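This document starts with one chain, in the form predicted on its own, laid out as structure tokens.
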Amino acid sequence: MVDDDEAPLIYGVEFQARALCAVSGVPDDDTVRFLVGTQSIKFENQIHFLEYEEEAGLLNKSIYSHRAGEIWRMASSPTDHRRFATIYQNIQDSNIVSKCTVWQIPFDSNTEEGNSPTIDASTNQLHQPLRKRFDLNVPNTNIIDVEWETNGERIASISETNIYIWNVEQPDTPSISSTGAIDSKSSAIHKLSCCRWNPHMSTNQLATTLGPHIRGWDLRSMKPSFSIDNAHPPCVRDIDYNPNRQYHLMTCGDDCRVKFWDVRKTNECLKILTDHSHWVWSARYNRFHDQLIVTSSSDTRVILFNIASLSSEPYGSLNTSEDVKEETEELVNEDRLICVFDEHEESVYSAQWASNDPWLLASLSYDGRLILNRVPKNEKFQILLRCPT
């Protein structure tokens, strides 16, 4: 179990999987939740809704059928923990198509308030169907990625060449409020593959990956706002904005590297991490303590870093005695690799921080193995000592 000794908690999914997201949207609720989506070609795919009981060190699960197709990506609503979007593929007229749908986990009929999904520890249950809310599709277009705005009012989706901003304030009646497109010269060579909202700037900026490049978009004009060329040749795999520093962006890709950028000066990156030995699929900031970075790779490893020099509080004073301060100050001020989680045996396609626990993270490998790990206690102690009183 995940306890004071930082031993991992391992959960097995029946099929291959690469889609993982943290669940939020429940005010004043300390329960940690994750969603996992499977990627089976032969069998009916599943959504695993997981709730972590910290005191018992257990994961409660509820499994739902996802008949639409194999799941490639997921995004959870920031305001409703029962709603989420999936990017999935299926075959239509002998062609592979990629679509996006927003689903809702059904209520537990035995719950009076109706604010909790059904949690059933039985392993022999018939999987419940999900409730379909609406599609986010465009005719004759494959949707590649989806991302919810932080306040839940808009959703961004991308095809290989276009960006779509959906207004979802009205329940179950989405409408496209704006669109953008990459130039024809770029689209002939590279395709869009990933998008991320900027949580700053009134959420009016979206970052996208375009082959080895990165493009930022001003959503008010739907025109490019910044460009990072050849960030990770041949392909950028993931991007994430620093939750506390509005101009800082982290990226990773097939060059086995993780890079940090200031989007006001994109001719060179701020820092490069070279600790992975194969493609880096995921890189995520901790939104509570942005010096904490977690990455995952096809080298089967999940790596936890402390990048204090680029965090929102790089040189804060230690809230402790002079003796302890002298012993820890040099270590705390240095950027460093904290630890390597090596419990996976196949490519780790996603690593995500819990939405409401700053010290807990989940990672998912292609063989369907989900692992929960915690930030080591000594690292947690050093970070808390530096937090403002």
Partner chain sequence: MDSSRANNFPSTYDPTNIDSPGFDPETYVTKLLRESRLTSLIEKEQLLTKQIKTLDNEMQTLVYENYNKFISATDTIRQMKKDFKTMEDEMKRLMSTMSSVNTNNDQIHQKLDKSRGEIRKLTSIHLLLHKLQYLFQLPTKLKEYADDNQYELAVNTYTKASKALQKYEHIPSFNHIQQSCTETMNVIRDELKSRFDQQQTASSDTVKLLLQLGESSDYLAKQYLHQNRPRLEQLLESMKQQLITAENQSNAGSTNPLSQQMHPMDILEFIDTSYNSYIKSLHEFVESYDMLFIRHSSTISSSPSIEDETKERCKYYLEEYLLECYSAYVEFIRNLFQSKFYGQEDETELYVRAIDRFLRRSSNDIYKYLFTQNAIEKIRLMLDSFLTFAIECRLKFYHANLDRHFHEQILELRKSLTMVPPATNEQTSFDKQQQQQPQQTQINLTTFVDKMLKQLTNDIKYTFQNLSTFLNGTEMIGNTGKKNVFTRQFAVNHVWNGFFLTLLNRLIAYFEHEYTTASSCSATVRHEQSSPPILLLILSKLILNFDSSSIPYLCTVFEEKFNLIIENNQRNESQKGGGNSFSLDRSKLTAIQKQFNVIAKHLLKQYICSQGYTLSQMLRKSIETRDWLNTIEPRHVRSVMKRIVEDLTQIDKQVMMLYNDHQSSSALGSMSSSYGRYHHRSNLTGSVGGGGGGGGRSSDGGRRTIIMPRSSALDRATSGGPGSSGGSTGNLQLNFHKVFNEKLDIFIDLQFQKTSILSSIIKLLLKTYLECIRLKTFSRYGLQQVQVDINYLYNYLWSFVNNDDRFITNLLEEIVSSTAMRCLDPVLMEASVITVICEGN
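Residue numbers count along the first chain shown, from 1. Bear in mind the structure is a predicted one, so any value in this text is a computation, not a measurement.
Quick note: we don't show the form predicted together with the partner chain, though the next part is all about it.
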### Message
Which is the contacting stretch out of 174-182, 142-150, 86-94, 161-169, given heavy atoms within 4.5 Å of the partner chain in the predicted bound form?
### Response
86-94
### Query
Within a 4.5 Å heavy atom cut-off, is Tyr349 in contact with the partner chain in the predicted bound form?
yes
### Interface membership of His344, the partner chain in the predicted bound form, 4.5 Å heavy atom rule
yes
### Task
Decide whether Phe134 counts as a contact residue for the partner chain in the predicted bound form under a heavy atom distance cut-off of 4.5 Å.
no
### Message
Since only the chain is shown here, I'm wondering whether His278 would be in contact with the partner chain in the predicted bound form (any heavy atom pair within 4.5 Å).
### Response
yes
### Task
Verify the flagged residues Ser24, Arg284 and Ser311 against the partner chain in the predicted bound form: is each one within 4.5 Å by a non-hydrogen atom?
no
### Candidate from Trp72, Phe226, Trp197, Phe305 lying within 4.5 Å of the partner chain in the predicted bound form - any heavy atom
Trp72
### Message
Just to be sure I understand the contacts: of Gln205, Thr300, Ser77, Ser98, which is the one whose heavy atoms reach within 4.5 angstroms of the partner chain in the predicted bound form?
### Response
Thr300
### Query
Relative to the partner chain in the predicted bound form, which residues of 236-269 have a heavy atom no more than 4.5 Å away?
Arg237, Asp254, Arg257, Lys259, Trp261, Asn267, Glu268, Cys269
